[in-house]
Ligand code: G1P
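Okay, so here's just one chain, in structure tokens, the form predicted on its own.
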């Protein structure tokens, strides 16, 4: 029987300069979206997918991430004494469901370099990579990774990469995937024939953009070791995936099905959209937000 995947790498070392001044003194991954920091949404998705060992790749001035995911017995005891069950439930993410590990990417050398720092942590196991500044919105966010991991084991894949459709005029902002066939069926693995990082405007071969969730075999780390830095001196994860494809390894794309959406919280426009949508979907306060927005709309 194929071994279950239990390890995840979460790159969270980016500088967040496009979100200044909000990120001057705190990591962008810790900005709130609804009632939770961005990174907590990601971690809870991983936990719900039964990923019990989580390595977070941090950077300078990001110690607050470790503090947020550290146990706080005094706070838990105080909440129990006060009988505050709702707040206790909000702290489930630190109550023994996962073990957290940390390493630091001291200088920004690219996403591929950040992932490569997890080689010893992963050892010879398969793993998940989930970007710490990208959210999956769905009725059950973890269903995406659960399905991808199941397919990865069944296919004995080197990689399965989640993708989403983007407007053609925006394709130059993303890693873009080529596949066998014109239109991939949502929620199924499709053989990937190529991948390119941020193609020049107007040259994108498709509109299938990498959607920040990956499942890898250990082969990715050998590919990263062989990946040369780009013109900015960064090692790109897309270039390592491309090496796997050219080597003949089984690499697949996985189109997000209807009802699943990826939010890339990389600038204020996308951050505001994510905050509003997650606030509207909040089971505790969403109805109040909807009430406020409906009233506010009359003033616009």
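Residue numbers count along the first chain shown, from 1. Because the structure is predicted, anything quoted here is derived from the model rather than measured.
What comes next is about the form predicted together with this ligand, which is not displayed.
Although the partner is absent here, residue 236 is a contact residue: one of its heavy atoms lies within 4.5 angstroms of this ligand in the predicted bound form. In the predicted bound form, this ligand lies within 4.5 Å of some heavy atom of residue 198. Using a 4.5 angstroms threshold between heavy atoms, residue 242 stays clear of this ligand in the predicted bound form. Contact annotation for residue 262: at least one heavy atom lies within 4.5 Å of this ligand in the predicted bound form. Listed stretches are 77 to 85, 173 to 181, 223 to 231, 137 to 145; the contact stretch with this ligand in the predicted bound form is 173 to 181, by a heavy atom cutoff of 4.5 Å. None of 129, 210, 204, 159 but one reaches within 4.5 angstroms of this ligand in the predicted bound form through a heavy atom, and that residue is 210.
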